[in-house]
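Okay, here we've got a single chain as structure tokens, the form predicted on its own, with questions on binding and movement later.
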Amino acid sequence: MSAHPFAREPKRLIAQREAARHGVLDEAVVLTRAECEDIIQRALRASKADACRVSVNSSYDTNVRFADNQMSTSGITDDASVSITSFVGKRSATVLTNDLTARGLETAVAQSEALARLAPEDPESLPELGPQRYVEIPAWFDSTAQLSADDRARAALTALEVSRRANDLQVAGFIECNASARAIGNSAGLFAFHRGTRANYTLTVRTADGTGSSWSGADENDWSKIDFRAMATRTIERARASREPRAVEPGRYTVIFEPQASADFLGAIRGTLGARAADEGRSAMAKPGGGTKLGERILDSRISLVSDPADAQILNAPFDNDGLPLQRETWVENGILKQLSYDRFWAQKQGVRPTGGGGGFGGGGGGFKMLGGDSSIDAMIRGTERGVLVTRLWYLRAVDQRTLVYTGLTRDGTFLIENGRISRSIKNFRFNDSPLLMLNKVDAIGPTVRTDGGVFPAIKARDFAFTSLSDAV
């Protein structure tokens, strides 16, 4: 456990932190808005640079890990850090410290100023933003913040107890909970604050004969939304069903991607929405010969992609690293490319509104979501004469960024569909395909599910390219 070197730490914080060490994730362990603002103002008062930006992050993390049918570790970590960026003309430098005392902040400010004077000029440097208005995002849930170590252990036991009674299973899992606060302030008067909670659970079940495997994951701001017992039941049933997989010929198949597989594969689209790469002809959103695909149909007309920090399935910070407010952005609507992401520099150069992101994908803080449909996975299977059910992908690597072709492997349960039902488990495949191609061959779309990689639905699509077999389970 790390220790916070507060020189003037309030007694309330010390008392709450002691309570937290007994396993309770208490919200008072995380810095409040007033405490963050105080730290930022103390750093800004010490600044002698042309401009200064101060970012404060504090977090309290707890976890339970289990493997081989045994509880293995239970951990608690708390941390607080301050990032200070000083600007001298177009030169800048950043120093990160977790010494929040007056002397610690003054030292970090002085170091960042000294380093800034040595740094080369950044021709793309822009003045700091002034005061902004932000949407309040209700991302803090006491159901997550007030969990005890016993609560997390009981959740783990929903899988462990079943596996211990059985003689054919081995389970492993990780439950990780987080409460955090983030604040940004600068010498131009900007101040932004956000706090939130997050609970993440991953469960792997292997059969004792070594031939079957299944994986499930859940990610929520609100712990009470995770049905641990249902996850255990589903993952165990699937692991047993995946035993003794048989090889089928690689080739083009109708596929049904469960939401996690959709997130693993389709999340790659997020990285190709940057306006600068498209304008410079370096991405899949660039047109041959020049220009971008803005306004063109690039996907099936049922596909819409958005980001929105206030979306009930996302609930992220409403600002990026520059303090720029984030809002709902519609990147693709009914298959048509409606928007590309612009950081502040590229937006100013092109004369458009910045979408945020500080140089990368503007929707990063706003999450990434593909709007869903109303088809269940069972209905997709019943309507499939021959196809492959994919539960999860693994080891994805980009092959060609201009077409967004990726290679990767299926994993933890792949199944053959014949005549409207799952007929058997099959060996895993390596694939080479593009999410942009897949989303032009869609047959059905399911409701959206939040995963670790974004919010995506199950998808049924035609002619997905499996290129070889893998013996891995």
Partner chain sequence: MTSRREFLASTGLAAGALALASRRLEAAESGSPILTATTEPDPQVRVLLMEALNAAKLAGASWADVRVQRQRRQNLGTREQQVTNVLDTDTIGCGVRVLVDGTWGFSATRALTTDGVARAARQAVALARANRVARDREVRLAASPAHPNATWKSSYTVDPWSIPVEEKVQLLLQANAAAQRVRNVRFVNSSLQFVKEERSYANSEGSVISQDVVRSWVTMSITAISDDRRQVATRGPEVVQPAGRGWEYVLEADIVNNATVWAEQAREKLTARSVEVGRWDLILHPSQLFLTIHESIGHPTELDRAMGYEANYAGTSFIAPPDTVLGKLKLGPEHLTIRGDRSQPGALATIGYDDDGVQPDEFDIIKNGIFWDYQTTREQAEWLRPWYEKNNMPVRSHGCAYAQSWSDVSFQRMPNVSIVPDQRVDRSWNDLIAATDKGIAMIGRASYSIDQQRYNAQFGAQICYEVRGGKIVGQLKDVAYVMRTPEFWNSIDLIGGKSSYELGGTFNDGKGQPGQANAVSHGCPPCRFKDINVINTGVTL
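Being a predicted model, the structure only gives us computed values, none of them experimental. Residue numbers count along the first chain shown, from 1.
Here the subject shifts to the form predicted in complex with its partner chain, a form of this protein not shown in this document.
- For the three residues 194, 249 and 383, a heavy atom within 4.5 Å of its partner chain turns up in the model of the complex in no case.
- From the list 183-191, 284-292, 138-146, 317-325, the contact stretch for its partner chain in the model of the complex under a 4.5 Å heavy atom rule is 284-292.
- The closest heavy atom approach of residue 167 to its partner chain in the model of the complex falls outside 4.5 Å.
- Proximity of residue 353 to its partner chain in the model of the complex: non-hydrogen atoms within 4.5 Å are absent; the residue sits far from the partner.
- Of the heavy atoms in residue 206, some are within 4.5 Å of its partner chain in the model of the complex.
- Its partner chain is not drawn, but in the model of the complex it has no heavy atom within 4.5 Å of residue 126.
- A heavy atom within 4.5 Å of its partner chain in the model of the complex is found for one listed residue only; from 297, 234, 402, 349, this is 402.
- Shown without its partner, this chain lists 77, 224, 313, 330 as candidates; in the model of the complex, only 77 has a non-hydrogen atom within 4.5 angstroms of its partner chain.
- Of all the residues from 107-144, those having a non-hydrogen atom no more than 4.5 Å from its partner chain in the model of the complex are 111, 115, 118, 119, 120, 122, 123, 124.
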